[in-house]
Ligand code: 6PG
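Take a look at this single chain in structure tokens; it is the form predicted alone.
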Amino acid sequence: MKDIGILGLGVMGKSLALNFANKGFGVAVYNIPMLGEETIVEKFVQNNLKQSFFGGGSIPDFLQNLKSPRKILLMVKSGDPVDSVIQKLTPHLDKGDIIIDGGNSFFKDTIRRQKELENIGIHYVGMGVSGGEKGALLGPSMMPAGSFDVKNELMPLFKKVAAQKEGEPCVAWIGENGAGHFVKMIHNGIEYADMQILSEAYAILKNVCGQMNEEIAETFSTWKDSFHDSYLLEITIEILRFKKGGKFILDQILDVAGHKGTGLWTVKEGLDLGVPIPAISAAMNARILSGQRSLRVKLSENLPKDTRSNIDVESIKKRLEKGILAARFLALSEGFHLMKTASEKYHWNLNLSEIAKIWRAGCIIRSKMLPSIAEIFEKEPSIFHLFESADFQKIIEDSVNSLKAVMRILSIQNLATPCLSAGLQYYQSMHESYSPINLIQAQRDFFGSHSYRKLDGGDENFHTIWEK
């Protein structure tokens, strides 16, 4: 009898199955039959005979070879496919069995599914998994959440297959119901911003400083001895240097980026919870805008082609490293603020220090920035925003000044830097004691009688007859 079952043999499912098996667990595998994939289970088992996988020929066959309580890890596409698989599984499950959704499901779907399955005695765990194909094989960052009744049943397995950092597994029981998938969603939102920030740094070095790919890679390499050191920076350097047939692959790639939903969900949740996440939103918008390529190309003809001679290139080079670091830290602060707010609304009691720790290895946004954030939240668990921490301010103060200088120099250049601009404006707006929004409220009262509150009027609403 096997310790765990993996249902779904896509790239991530195969890698996780191998990871569990390599860590000494017995693994059963199954894949819902689809056109062209009828033999996927058989081929996977045959290609990995050393691991002694059991390949299920049907759902009952698959389930009958699992230890009780049965643990089934779903690695299928989010949305309707998850509900479809659950419907196929439940008639064959016993009370106390555990379904683990390891895909990128929307957290509110996870909350719904847990309630539905709880009513029939089945445990449901929503688990964020980050690390891509390689991370899933060698050790991902894992974010499970659900009924605490099954925590002790699952965590020994997860701790063995998760990435390790300084002797600690990069997995933590995030909380109840949809908390794990929510935290993974925020991880992906931060990922969107971090990727966009690095792409803007690349654009500045290329289009303003006149550096070629190899030179940009070398510049980025000098940043590694700092908080910048991260997985995304490492792969960016590799991409910039990669050639095939003597040509850089990067220069042949169409400038249109895809997205699979988690970034958009993050932006929507920020709006729903009333939490500003402008850098993350800017990154999402940049991907959407990239799809307008034909229009962009047409409109680009209306702008001057080159104003580099008006730019102090050496000054930008000098300040860019710290300026980009500020933007990366600011994007992280947005994500943690959104998690803190959601934690209160959904009563999850998220441990933000623990979340930062499990992101230190295995996941896509792993970096040297995260240990400092983990330390801050461990030292000051009651703060609502990283900006409240004097330690955080010390880390980013000089970098923010560099970001201001970079943006000031770039203001005369026809170069879009949406994430850098949004991050800086976010920082400045969050430190503004009295904003011009008082005028907007007056305007609303003028044309719509929406009323307003006074600085010294408490919760009382006032209305003015503005027209004489």
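Predicted, not measured: the structure shown is a model, and the values here were computed from it. When you see a residue number, it is the position in the sequence shown, counting from 1.
There is also a form predicted in complex with the ligand; it is not shown, and the following applies to it.
- The closest non-hydrogen atom of residue 323 lies beyond 4.5 Å of the ligand in the predicted complex.
- Mapping the unseen interface onto this chain, residue 79 falls outside it, with no heavy atom inside 4.5 Å of the ligand in the predicted complex.
- Contact check for residue 176: every heavy atom lies farther than 4.5 Å from the ligand in the predicted complex.
- In the predicted complex, the ligand lies farther than 4.5 Å from every heavy atom of residue 327.
- Contact with the ligand in the predicted complex, judged as any non-hydrogen atom within 4.5 angstroms, is confined among 110 to 118, 269 to 277, 312 to 320, 185 to 193 to 185 to 193.
- With the partner omitted here, the residue from 219, 389, 262, 343 that has a non-hydrogen atom within 4.5 angstroms of the ligand in the predicted complex is 262.
- Between the ligand and the residues 286, 364, 154, 339, the one pair within 4.5 Å by heavy atoms in the predicted complex involves 364.
- Looking at 122 to 147, the residues that come within 4.5 Å of the ligand in the predicted complex, counting any heavy atom, are 129, 130, 131, 132.
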